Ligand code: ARG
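Just the one chain here, laid out as structure tokens, in the form predicted alone.
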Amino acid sequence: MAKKLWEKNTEVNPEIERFTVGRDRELDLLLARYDVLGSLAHSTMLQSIGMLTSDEMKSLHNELRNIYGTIEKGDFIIEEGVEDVHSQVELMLTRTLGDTGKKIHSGRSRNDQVLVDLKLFTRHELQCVCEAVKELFDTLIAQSERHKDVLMPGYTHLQVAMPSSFGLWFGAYAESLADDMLFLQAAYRMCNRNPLGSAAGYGSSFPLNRQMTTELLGFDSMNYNVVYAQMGRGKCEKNIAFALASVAGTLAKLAFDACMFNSQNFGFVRLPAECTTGSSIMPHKKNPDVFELLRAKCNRLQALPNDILLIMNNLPVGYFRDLQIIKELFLPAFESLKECIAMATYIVQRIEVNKDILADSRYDAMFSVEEVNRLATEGMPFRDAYKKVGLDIEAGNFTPRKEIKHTHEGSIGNLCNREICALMESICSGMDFGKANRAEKALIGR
């Protein structure tokens, strides 16, 4: 059995090891490629300050790139008895390179290793989430434009209220995603700062060149204060979780609408038949299970910031093993959200809208405000017009005029989709994914 990085002459009780390692072997597979990238940058820096020879650095780089290739092929494992990905990578280097492999840990702690791994992983995953959100945004805008003249009821208190349109409905969720993207932009900028060199949270007596590793890894800047670099663990995940939760909130609301509008009582939309499921007893059923599961998954994601907060909120300065549990909540959240976004995009692209909703007389009363406004425009005081139309409705004498003439910004006749698209583009342009991608490719020699 491999020794722990910190193990000396006392063997750990197996039950203690099982409890303390937890799910690290499983979850750390998600961090493996980023651990290699961090080691490539760190060893380059060690050579620059005389801690490694050029030949030692070259041999380390060759072997690290071999390990990276193993990870990409899906053949990388964390062996039984090895605590985590950092230990596994160092073990593989030492088996192949002997004492040279042991030198890679100079000036590092597992604390800043896991920090840099988490930041590199999160940076990549945020890019994927942003790209998925943008695809859903584009789909919603396209549907908004396609159905901009199709009217539907708008609701308050789940009561028929005023005329709306599918252009407004689809466009509303698109603009909501633009606001969500602001959270993602802030999350990316907070994440994209280099903690490497903070060691266990108090720096190192080695003359580390932290600016070099910052540039090699494509970070925008570093976490300058080494104590704060460690204090930032948990806080960074919590704030990123708020960004993920913001997207999840938009999706959950969209899912609820889709389920409701697809029901026979509404009949506003029809979900693609291949996206629904049936009943084991009722042959007529076409259930919106995808949106129901999406709603539940997204509601669970909205609890993520609070879950993280409850783990890290009462911890004082310094590292504590409590923070390990955050990985179990945080790392899988990205895949769950990306899956939800993909499902929403697929169905929204194929959803069918009912173009004849307003032929049903139950929706006639929603044109009452239009009539009040028409009378007010003709000179009748608004309150008098309101009372007249209300009394006509109560007496059964109201005949709606269904011509809609909304022209102000953001209304039925002026959706402002071009402006919403410009807003999204301005937010997206504030995230330079290319810098990080180029840096990572350079490290692995591509």
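Each residue number is its position in the shown sequence, starting from 1. Only a predicted model underlies this, so the values are computations on that prediction, with no experimental measurement involved.
In what follows, reference is made to the form predicted in complex with the named molecule, a form of this protein that is not presented.
- Only one listed stretch (92-100, 333-341, 315-323, 366-374) carries heavy atoms within 4.5 Å of the named molecule in the predicted bound form, and that stretch is 315-323.
- Checked against the named molecule in the predicted bound form, the candidates 177, 104, 191, 114 yield a single residue with a heavy atom inside 4.5 Å, and that residue is 114.
- A single residue from the set 124, 327, 297, 148 has any heavy atom within 4.5 angstroms of the named molecule in the predicted bound form; that residue is 327.
- None of the heavy atoms of residue 238 is located within 4.5 Å of the named molecule in the predicted bound form.
- With a 4.5 Å cutoff on heavy atoms, residue 84 counts as touching the named molecule in the predicted bound form.
- By the criterion of a heavy atom within 4.5 Å, residue 210 is excluded from the residues contacting the named molecule in the predicted bound form.
- Using a 4.5 Å cutoff between non-hydrogen atoms, residue 233 counts as a contact of the named molecule in the predicted bound form.
- In the predicted bound form, 24 is the single residue of 24-50 with at least one heavy atom within 4.5 Å of the named molecule.
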